[in-house]
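Okay, here we've got a single chain as structure tokens, the form predicted on its own, with questions on binding and movement later.
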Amino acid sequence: MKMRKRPNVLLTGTPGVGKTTLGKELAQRTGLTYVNIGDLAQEGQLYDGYDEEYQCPILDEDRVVDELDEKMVEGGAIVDYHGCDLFPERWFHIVFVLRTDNTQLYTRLESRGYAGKKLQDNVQCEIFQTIYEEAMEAYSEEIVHQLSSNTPEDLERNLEQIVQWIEQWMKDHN
């Protein structure tokens, strides 16, 4: 019996915009596999040192890509990460960049313990649309979409929209 083809979805955006909440719920509703790059790196110790300034491990991007490649070729993954240009373009059928109001983002990050330069740099990253521009450069323009992620209503609307897209993709490709 032929395996059904399933799309790969990338959820990206500045830390604190709601990628994890959206990704986990999407996986539940669609049966796709949720992959949080931070968790994957931690489990496999896929690091290349430690960043003293930001107080966090440095991701070994090559090892992450090697670790994920087989799963991505298979299809059916929802990948959650705050960067996107490390992943091969061929992996994703659609890319969603989540965007959040700066004041709200500041509050969310502060509640996570972000402070000083790390807090300021992440809020600036959102202000200057850094992740969106990175996505537009790394992937074909027609697969990159921005989604507002401020309220529970936004979350529900984004879920419905992405579930609908996944269902349509599966109809079109099976």
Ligand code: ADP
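Predicted model only: the values in this text are computed from it and were never measured. Residue numbers here begin at 1 and follow the sequence given.
As for the form predicted together with this ligand, it is not shown, yet the points below apply to it.
>> For this ligand, considered in the predicted bound form: do all three of 26, 93 and 161 come within 4.5 Å of it, counting heavy atoms only?
In response: So, no: the whole triplet misses this ligand.
>> Please determine whether residue 149 contacts this ligand in the predicted bound form, using a 4.5 Å cut-off between heavy atoms.
In response: It does: once this ligand is placed as it appears in the predicted bound form, residue 149 has a heavy atom within 4.5 Å of it.
> Is the gap between residue 108 and this ligand in the predicted bound form 4.5 Å or less for some heavy atom pair?
Replying inline: The answer is yes: residue 108 has a heavy atom within 4.5 Å of this ligand.
>> in the predicted bound form, is there a heavy atom of this ligand that lies within 4.5 Å of any heavy atom of residue 112, even though the partner is absent here?
In response: Contact check for residue 112: yes, within 4.5 Å of this ligand in the predicted bound form.
> So which residues in 4-20, when you check this ligand in the predicted bound form, have a heavy atom no farther than 4.5 Å from it?
Replying inline: 14, 15, 16, 17, 18, 19, 20, in sequence order.
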